[in-house]
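This text opens with one protein chain seen in two forms, each one given by itself as structure tokens under the names structure 1 and structure 2.
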Structure 1
């Protein structure tokens, strides 16, 4: 059964913390992907729904005049959202998401090349 709810995107979604199925923080909502009722791209003046929440550097890149390639936009399908409250609660664990690809890339290609960058200080106990 599908439950529909009308939400104010600015009030209920944007900048909200996203939590995975285990209650672990994933990211904050930076932008939304809106689609028409048929799942096709949204059209001006027509009814829309949220197709996905976008997390990561989307807004930052737009502010500087760029665009994240569609294939690399960190997005979370709206179908994976279980509850909208003070946080956006997902029905999937974070390891099933590709929302952290930027951090993984930075870890592997930048931080990992810094002397001591692969050392885990918490492992020393």
Structure 2
């Protein structure tokens, strides 16, 4: 049987840590994108759901004002969310997320080329 749990955005969701399926920290929740049924734009008074968690370069926006264009904001689809508690836990590993592309790009193109950069210290036990 399904039921609903009530949460408030500021109290329970915003700024919470996002963990991937392996428990690794991904990002923190900066904003939540609202969508209507079938992914249409959200409309006042009509049914609205959370479409995605937005994680993005908000530091510059906070310092200098303005807003990040929606198309430039990395997002994590809400379908990937498995549990909402002290942290927000995803059901997918972070490698599958676009939100971490800068880190993955640097790992593959910069850190990986440094001698010893492909060594996994955790694998040594």
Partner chain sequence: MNVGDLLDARVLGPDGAALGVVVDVRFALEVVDEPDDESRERDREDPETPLSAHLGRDAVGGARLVGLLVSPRSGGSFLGFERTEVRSPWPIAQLVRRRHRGTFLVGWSDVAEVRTDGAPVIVRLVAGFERRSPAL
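Remember, it's a predicted structure, so these values are computed and weren't measured experimentally. Between two forms, the rigid core is defined as the largest C-alpha subset superposing within 1.5 Å. Numbering follows the first chain given and starts at 1.
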| property | result |
| --- | --- |
| Of the two forms shown alone, the one predicted in complex with the partner chain | 2 |
| Large Cα shift (2 Å or above) at residue 37 between structure 1 and structure 2, core-fitted | yes |
| Residue 79: Cα shift of 2 Å or greater between structure 1 and structure 2 (core-aligned) | no |
| C-alpha positional change at residue 46 between structure 1 and structure 2 - rigid core reference, Å | 2.9 |
